[in-house]
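Just one chain follows, in the form predicted alone, and it is written as structure tokens.
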Amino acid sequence: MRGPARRQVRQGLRLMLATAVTLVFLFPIYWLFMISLKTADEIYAYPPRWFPAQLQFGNYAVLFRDGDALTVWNSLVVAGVSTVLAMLLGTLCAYSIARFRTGGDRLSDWILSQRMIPPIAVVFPIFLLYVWLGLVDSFLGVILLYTAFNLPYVIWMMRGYIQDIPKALEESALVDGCTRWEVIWKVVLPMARAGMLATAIFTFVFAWNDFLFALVLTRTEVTTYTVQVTHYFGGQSNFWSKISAMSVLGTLPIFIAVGFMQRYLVRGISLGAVKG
């Protein structure tokens, strides 16, 4: 077999392998979506039915009728607001560390180590503090906690992105009469935009997927969708149609966010943000 033919065979095998791997990873998503559109008999049918005989959109309608879908909005609020706050405060802190060596050379390492604290180790002391402050089951309490726990990640990532921006550009802007705040707004943020969006996506996902903090610190007013899903598991039976429908509603915002920000996400990851 000649060289060009051999290369075509290799490319074909790689394409087949990539397709097979993609199908393996996409199948759970497909199966979750199909279960959300099935009747109870079809869910428990054997052999499994790969496609429902009639689409049961009522499984979604009942979530909106009972108000359970509101928990997705609660997750969107706490994850979105905490991401904005973490990006705002974390970016400013990262700029100070990257440009002025605030706290010395090891401060960024110490900040990153705070992200490694197991949530189970601090959730109950935080709960007792929140009871004393009256922040249990409140948007303010959950947003503050998510912001605090995501700040170390944001600071570490943004520090790497900012270090990749040449200092000469900032110095030129200062010579031209810009203030330090104008330098950050007009030079640093535009050049670090891809890195900021990539960091924001991951920060949003971390807050969106949180379960432990939401389980302990919320009751009825600020219940997130990750906690709401557990309400459908019972001692005698599980409501699989509600579980799957709520899971689909809970994953849609992530797919939408990643889909719109995909080009920035790939570019941001490749900018060397993990540089020590």
Partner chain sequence: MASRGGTARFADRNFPLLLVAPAILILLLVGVFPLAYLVVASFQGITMTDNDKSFQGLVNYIQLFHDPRLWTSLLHTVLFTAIALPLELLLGLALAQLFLDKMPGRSVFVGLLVLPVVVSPIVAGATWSLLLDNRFGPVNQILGWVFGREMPLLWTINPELVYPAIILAEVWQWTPFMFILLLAALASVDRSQMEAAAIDGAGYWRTFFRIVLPAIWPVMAVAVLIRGLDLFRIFDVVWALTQGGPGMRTETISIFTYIKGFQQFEISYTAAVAFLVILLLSGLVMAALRRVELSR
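These figures come from a predicted structure and were not determined experimentally. Residue numbers count along the first chain shown, from 1. The term rigid core refers to the maximal set of C-alpha atoms that superpose within 1.5 Å between the two forms.
Same protein, other form: the form predicted in complex with its partner chain, not shown, and the subject of what follows.
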_At 4.5 Å between heavy atoms, is Trp240 in contact with its partner chain in the predicted complex?_
yes
*4.5 angstroms heavy atom contact with its partner chain in the predicted complex for Gly104*: no
*asked:* Is it the case that Ala194, even though its partner is missing from this view, gets within 4.5 Å of its partner chain in the predicted complex, heavy atoms only?
replied: no
*Residue contact check: Arg14 to its partner chain in the predicted complex, 4.5 Å heavy atom*: yes
*For the heavy atom contacts within 4.5 Å of its partner chain in the predicted complex, list the residues of 42-73 involved, in sequence order.*
Ile43, Tyr44, Ala45, Tyr46, Pro47, Pro48, Trp50
*Is Gly67 one of the residues whose C-alpha moves 2 Å or more between the shown form and the other one after the core fit?*
no
*Please check if Leu26 moves between the shown form and the other one, taking a CA shift of 2 Å or more relative to the superposed core as movement.*
yes
